[in-house]
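We begin with a single chain expressed as structure tokens, specifically the form predicted on its own.
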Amino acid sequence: MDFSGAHILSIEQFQRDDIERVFGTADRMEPYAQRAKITRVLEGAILGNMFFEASTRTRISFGSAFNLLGGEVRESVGMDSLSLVKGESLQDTARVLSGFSDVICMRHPQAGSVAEFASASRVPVMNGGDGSNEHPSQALLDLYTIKKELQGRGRGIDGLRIAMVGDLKYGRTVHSLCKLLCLFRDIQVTLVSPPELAMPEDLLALLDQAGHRTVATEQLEPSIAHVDIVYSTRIQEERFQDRSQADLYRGRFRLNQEIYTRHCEPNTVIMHPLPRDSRAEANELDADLDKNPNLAIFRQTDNGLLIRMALFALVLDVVHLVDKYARDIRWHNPRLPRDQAT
């Protein structure tokens, strides 16, 4: 893959070597993400953050990643704030906004909309999630997290055992992650969901073509007994035509410390793309798991910053210049050991 000037729209763009390049670049971003150093390599560049659907982590993560590389961020949040409500097409919006930005990150509720926008953009566009279709940067940060969690145990991604739990029909994070896992070998995927929220058939076919073993079930507890990763997902109530229908499935696959202790192997990693639904009727991942060292959900968000910094550096072709434009920080940084913090 030629990253320079490329749109990042789908995991299908990536080969395994591309993934390794992204991960290697993300590793190099660690001192800047931790604020041990500052780089101004993107000074003068502008990110247009166009989020037509609710977002906290993805929107702020993309913006922070760009800021940490020295760039500036302009944001528009919600459909009502744009001329789309006046009938302007996505293509016209793209032509205009790409004149104001050097790269654009976009989230939109309709599948395929980000690719449509990118087709008229004069600058690279990154998909921050398009409906129930894909979320490529989330899949990359998820796999990067899996790699980092397993490498301390002398394990790689090949041979992974993973249980994906919850809304697998509308959950774009697991859709993109499944596509990514097809680049690796000998993966065991257990799919835990109600039949009405099962993984789409086309993704099952991709996993099968890759030679992976898949099992579909509605039973949570036996499904998490012999896996490396439990990847829980939220019921995507915003994807239902009648949101009240989501209540039929909410809270069906709850995981707490007692269930974890009784059924999971001692080092099973717990992941979730967030936000986790902590309402009493859902409570997907109980707060009593917060003290479990294998709960990786906040390490996922930290890794997301690294992955998005890497994508910006690759797409804007500045990886080789990041360290050249670096300097030490001038403030006390509580993230660092006292002897390293200014």
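Heads up: residue numbers just count along the shown sequence, starting at 1. All values derive from a computational prediction rather than experimental measurement.
Quick note: we don't show the form predicted together with a small molecule, though the next part is all about it.
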*Is Gly48 close enough to the small molecule in the predicted bound form to count, meaning some heavy atom within 4.5 Å?*
no
*For Thr39, is any heavy atom within 4.5 Å of the small molecule in the predicted bound form, or not?*
no
*Taking heavy atoms and a 4.5 Å cut-off, does Asn283 contact the small molecule in the predicted bound form?*
no
*asked:* Please tell me whether any heavy atom belonging to Ala54 falls inside 4.5 Å of a heavy atom of the small molecule, as the geometry stands in the predicted bound form.
replied: yes
*With the partner absent here, would Arg161, Thr190 and Ser232 each sit within 4.5 Å of the small molecule in the predicted bound form, counting heavy atoms only?*
no
_Contact assignment for the small molecule in the predicted bound form, among Leu295, Ala33, Val315, Leu274, heavy atom within 4.5 Å_ = Leu274
*Check each of Ser121, Gln138, Thr145, Ser223 and return the one that places a heavy atom within 4.5 angstroms of the small molecule in the predicted bound form.*
Gln138
*Based on heavy atom distances of at most 4.5 Å to the small molecule in the predicted bound form, which listed stretch, 56-64, 287-295, 25-33, 39-47, is the contact stretch?*
56-64
